[in-house]
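Just the one chain here, laid out as structure tokens, in the form predicted alone.
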Amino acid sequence: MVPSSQKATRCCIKMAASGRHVGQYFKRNGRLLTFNLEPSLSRRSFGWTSSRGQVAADANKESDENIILPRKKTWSQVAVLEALSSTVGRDPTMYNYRFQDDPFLSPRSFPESKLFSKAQESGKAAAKYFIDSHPKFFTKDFAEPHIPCLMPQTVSVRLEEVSEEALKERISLRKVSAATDMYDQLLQSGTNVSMETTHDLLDLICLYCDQEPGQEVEPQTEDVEPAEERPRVRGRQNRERPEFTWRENNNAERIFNLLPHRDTRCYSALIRGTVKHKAYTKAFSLYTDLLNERLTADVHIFNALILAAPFVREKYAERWELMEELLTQMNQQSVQPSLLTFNNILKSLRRCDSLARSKSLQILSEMKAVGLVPSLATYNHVLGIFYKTSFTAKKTNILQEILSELRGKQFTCQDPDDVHFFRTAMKICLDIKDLELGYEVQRLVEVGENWRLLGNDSQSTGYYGVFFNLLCMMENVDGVLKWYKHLVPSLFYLNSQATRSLFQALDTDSRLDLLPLIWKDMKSSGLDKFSDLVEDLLTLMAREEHSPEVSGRS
């Protein structure tokens, strides 16, 4: 009897043998089978032979091409918030978002908004002071992403030993007197202070004119620069702003004179400090010393001296000759001019009267020749030169040319004077009474985030005030009311001047029926307390002929 395992083995051997015979048969007769099938298939009209070949060709073609994978898109941590913010527009019927925390306290006028903003900033400063003074109570960070400005910052001195690290700490905390004392102690102990730390110390002292930040202006003494070297300031805002004046032999000059080796950076700190604090003659004296030591100035030195040039020369031609001499020396010293260089030239040219027009166009051409793109401050200075008076404003079309060049562009702040362009342009539109140009300026403001370059609240309010006065003067009453609803109160608070202009526009178009609506807004803005405005309103209302039912006459 044969076991079952042996039977299975024999069966497998037979199956393997039969399969081997079949394979050998196909190997011998495969070519003959293919040769006999091809003619018969070619005679058949299946219609798939060409399409199959096309598909195969396309597949080979795609395989030959290089597959380019797209680069990974990196999103910022606030990309979702930015996308959501872009879908929400400004509500013209509501006050600014900063004033919506408490509707009862929302300001109704510009003075109230200014007071609200100051109170809000004061509260933030008090909270920041408490957080910085007691950092141990604020150790947890819940913000996602991390916001460094909301975390405690060091505001007190921690390093008490006499060392360069302690000096760096006092410089970073902007403690002018403490940093100066530490520097003197290091010199007395025989410790050498690195040149980089010395540069930072000179920058700090020159920036704050050897005074502590926030310190009140002290009375002038005998070592103050002569008064004729300081420009006269006009306006209430300039008179109220505290200004430090450069003092002879202050700590910056003392430290500078103690240095065994003075490089360009040391001279740059003092020259910029003297120009900032209106010691213009001293600045040019330092520049002469720099040249005598066979040093090369940097672009910051030339930028400061160009600003100081109009204050050390009396005649317009002499001022321009001095600026030309500085530019020539820049070229000789291979110093590449920056955007601020050309802006400072144009700013100084505004004090050269008759020479300014021709020279300003040369400066613009030279600016474009070196590959620099003008900023809004550049065009602001050009407008200040060509539209110096209302008489000369009507004889030039430079504003139209500037607006056509800037149309549709978005800007970022590159110069502190960039924030003055839009208000200057709108004021020119008001002077020449050109409404279309005013609309062109407003459209440029609405491009992207150009509205951020309107300046602070006061400057922004001034711009919209001029724009609204232009509308009341030149636009029909329907257009005025359209912009009135668009601007008030979200962007512009109604004031006495704007109210009078609105009265005049309503009177011109005989739309005195809208006076009750204006009176309602006047009450909400607090303008009903001004007796002269109320009298103007009543005078207009008394001029209108009413029906007997309204007037109460029989």
Partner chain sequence: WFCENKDNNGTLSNKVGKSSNVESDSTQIQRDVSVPQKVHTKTPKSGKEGLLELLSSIKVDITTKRKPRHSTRPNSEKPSTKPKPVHLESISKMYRNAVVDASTQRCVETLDPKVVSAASAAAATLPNSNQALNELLKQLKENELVTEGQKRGNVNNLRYVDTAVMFSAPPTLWDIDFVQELATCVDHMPRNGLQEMIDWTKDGRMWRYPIDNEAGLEEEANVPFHEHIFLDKHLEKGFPRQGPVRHFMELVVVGLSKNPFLTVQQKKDHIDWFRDYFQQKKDVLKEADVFLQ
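These numbers were taken from a predicted model, which means no experiment stands behind them. Numbering follows the first chain given and starts at 1. Whichever C-alpha set is largest while still superposing within 1.5 Å between the two forms counts as the rigid core.
Form predicted in complex with the partner chain: not shown, discussed below.
At the 4.5 Å threshold, heavy atoms of Lys276 reach the partner chain in the model of the complex. Contact annotation for Arg272: at least one heavy atom lies within 4.5 Å of the partner chain in the model of the complex. Pro416 belongs to the set of residues with a heavy atom inside 4.5 Å of the partner chain in the model of the complex. In the model of the complex, the partner chain lies within 4.5 Å of some heavy atom of Trp451. Proximity to the partner chain in the model of the complex, taken as a non-hydrogen atom within 4.5 angstroms, holds for one residue of Gly190, Gly214, Pro145, Pro260, which is Pro145.
The listed set Lys482, Arg90, Lys118, Arg254 contains one residue whose heavy atoms approach the partner chain in the model of the complex to within 4.5 Å, identified as Arg90.
Residues Glu165, Glu169 and Val312 are none of them found to lie within 4.5 Å of the partner chain in the model of the complex, as judged by heavy atom distances. Comment: 145 to 153 is the region of 283 to 291, 363 to 371, 377 to 385, 145 to 153 lying near the partner chain in the model of the complex, near meaning a non-hydrogen atom within 4.5 Å.
Looking at 324 to 348, the one residue that comes within 4.5 Å of the partner chain in the model of the complex, counting any heavy atom, is Leu340.
When two forms of a protein are overlaid on their rigid core, residues whose CA moves 2 Å or more are considered shifted, and Ser76 is one of them between this form and the one not shown.
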